[in-house]
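So this first bit is one chain, no partners, the form predicted on its own, shown in structure tokens.
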């Protein structure tokens, strides 16, 4: 009886302590707050180098990010993707590949931190990564502790070899492990949108993939089949991914972003396609994760990824994903509400021929349900800045005025090259003459 009373009292004491802490013993820990308040920006090794990565390449990339002004432009994460892994030791702790990273990941993190960069790393919720290195299944808390001890700042967490796993449970478990490890680590979920994470992951990850993997193609990539007629795996072109991601705008916001995968800017697209691809990711408030070889890219590619006016659209603190207002043949009309009453406007030509377009602003009037705002083109005046114009010279247009008692609607005529964009920032002004 005394033992029973002691057990009951002990149980009551534990319950009281847990109640005082406000947390049940089986309650998951929250994600790290204050990260990715605007979409994260950085570079990832996968699109260009796959598993062919090493310490020398990563250090050279870090040095280029500083030298070329990418860090100053906001690209602060340098992320190792699949292929950095070595073996687990007898206690189950993961180690880096000693040949690829002879100085160790901790030393690499120190190298990056000294240059104003943050280190990202990659793992998988399954038994193995997609390239068949060691996954984190059964080692979630060990791996999170290891990453924290190395000074890691970002985790991309993939979804290969996950038979019979529940995505929500698996990602929530790693979220708790990262929080328990004690170091703020941005959590980038990469389960390709299979379980509709946008519906449940706002308090789990800082971003979630909404699509399959991107490929270095602007247009849709044709499906191929094996000898038995079964569809083979294929990457997705930029326009395919846009179709999948644009409808999910209501789920994105500060600290939790739709992720249509990394950028293929500089990986074989034309200059026009690079501009359009980059602009669409900015309009969709997507993470801007570069994936090209920074040590050998062209001046044209650098000018795209460092366009501060277009980056500002992506990083706008209002944090609302852009709206595709309408499609008219090969033309797409996009708007994104910005802070201080501004709007971003993008006209995409997805077709194969140049188009001359008359932009009748009043005909583009709409009410955005997420921001609750309307441009009110019929009575408002805007200063219109062309964000891809060579001169960057702003001009002012009177959207609506009076002339001899007649209402005059201002129409701007623009030419849009194939696979290219015209992009404006619209800033309200009290007097069109300013």
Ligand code: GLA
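Not measured: the values here are computed from a predicted model. Numbering follows the first chain given and starts at 1.
From this point on, the text means the form predicted in complex with the named molecule, which you will not see here.
K.L.:
For this chain shown on its own, do 131, 158 and 262 all sit within 4.5 Å of the named molecule in the predicted bound form, going by heavy atoms?
P.N.:
Yes, because 131, 158 and 262 each have a heavy atom that approaches the named molecule to within 4.5 Å in the predicted bound form.
K.L.:
Check whether residue 110 has any heavy atom within 4.5 Å of a heavy atom of the named molecule in the predicted bound form, and answer yes or no.
P.N.:
Residue-level check for residue 110: no, no contact with the named molecule.
K.L.:
At 4.5 Å between heavy atoms, is residue 377 in contact with the named molecule in the predicted bound form?
P.N.:
Taking the distances in the predicted bound form, the answer for residue 377 is no, it never comes within 4.5 Å of the named molecule.
K.L.:
Could you confirm whether residue 81 comes within 4.5 Å of the named molecule in the predicted bound form, counting heavy atoms only?
P.N.:
Yes, residue 81 sits close enough to the named molecule in the predicted bound form that at least one of its heavy atoms falls within 4.5 Å.
K.L.:
Evaluate residue 175 for contact with the named molecule in the predicted bound form, applying a 4.5 angstroms cut-off between non-hydrogen atoms, and reply yes or no.
P.N.:
It does not: once the named molecule is placed as it appears in the predicted bound form, residue 175 has no heavy atom within 4.5 Å of it.
K.L.:
Using a 4.5 Å heavy atom cut-off, which stretch among 349-357, 282-290, 123-131, 297-305 contacts the named molecule in the predicted bound form?
P.N.:
Looking at the other structure, the answer is 123-131.
K.L.:
Which of these residues, 242, 344, 119, 190, gets a heavy atom within 4.5 Å of the named molecule in the predicted bound form?
P.N.:
It is 190 that has a heavy atom within 4.5 Å of the partner.
K.L.:
Ok, 362, 203, 213, 87: which has a heavy atom sitting within 4.5 Å of the named molecule in the predicted bound form?
P.N.:
By the 4.5 Å criterion, the partner-contacting residue is 213.
K.L.:
Does any residue in 32-70 get within 4.5 Å of the named molecule in the predicted bound form, counting heavy atoms only, and if so which ones?
P.N.:
Sequence-ordered list has one entry, 46.
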